[in-house]
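Quick setup: one chain, the form predicted alone, written in structure tokens, and binding and motion questions come after.
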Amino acid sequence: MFGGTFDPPHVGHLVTAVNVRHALELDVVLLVVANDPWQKSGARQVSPAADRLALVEAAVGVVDGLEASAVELERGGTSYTADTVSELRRAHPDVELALILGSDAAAGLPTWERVDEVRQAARIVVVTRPGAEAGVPPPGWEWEPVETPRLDVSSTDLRARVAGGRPLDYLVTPQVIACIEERGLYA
């Protein structure tokens, strides 16, 4: 699982997902859309979860092995990875779960809600950039680094681009551009 706000999802998210899937020979990578991302609540306005899910569905489209997941939206409330991992574990008891994180998110693991549950239920995969270190796991943690290409794309910049009338071409998929336009997002 690769969770996030995905406001909007961009090519950096997709490159990360397909490269981790390939490197670890995963059957599928779920892009799990946060319903109410607790780390961003109050910090900035987040687009409605249904819109962000539609964007992720548009982004993954027919990409083999990538799927949009509404598990956190269906559960409702604040999105905690511990709840999501627990729910996926119950639904798929024989599947090995891997949690894909950027090195910045991995560094913040000790601040997560019920983090010990996450550690026990899922293999932690930390995405690194070429030539960069995965960082040192917090005490008692192990993680597996996977190197992916560095694409310097940010959702913050993409939202500003739409608001400023600048193009999104090649930063998000054409399907995501169409979905942003159809839903009138970020303008």
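None of these values were measured; they are calculated from a predicted model. The numbering used is simple: start at 1 and walk along the sequence shown.
Note that the form predicted together with ligand ATP isn't included here; everything after this is about it.
Across the options 135 to 143, 148 to 156, 61 to 69, 116 to 124, residues that bring heavy atoms within 4.5 Å of ligand ATP in the predicted bound form belong to 148 to 156. Taking the partner from the other structure, ligand ATP in the predicted bound form has no heavy atom within 4.5 Å of any heavy atom of residue 21. Although the partner is absent from this view, residue 96 stays clear of ligand ATP in the predicted bound form, with no non-hydrogen atom inside 4.5 angstroms.
Ligand ATP is not shown here, but in the predicted bound form it comes within 4.5 Å of a heavy atom of residue 101.
Among residues of the shown chain, residue 173 is not one whose heavy atoms approach ligand ATP to within 4.5 Å in the predicted bound form. Candidate site formed by 48, 178 and 186: none of these residues places a non-hydrogen atom within 4.5 angstroms of ligand ATP in the predicted bound form.
Contacts between 1 to 36 and ligand ATP, taken as any heavy atom within 4.5 Å in the predicted bound form, involve 2, 3, 4, 5, 6, 10, 12, 13, 16.
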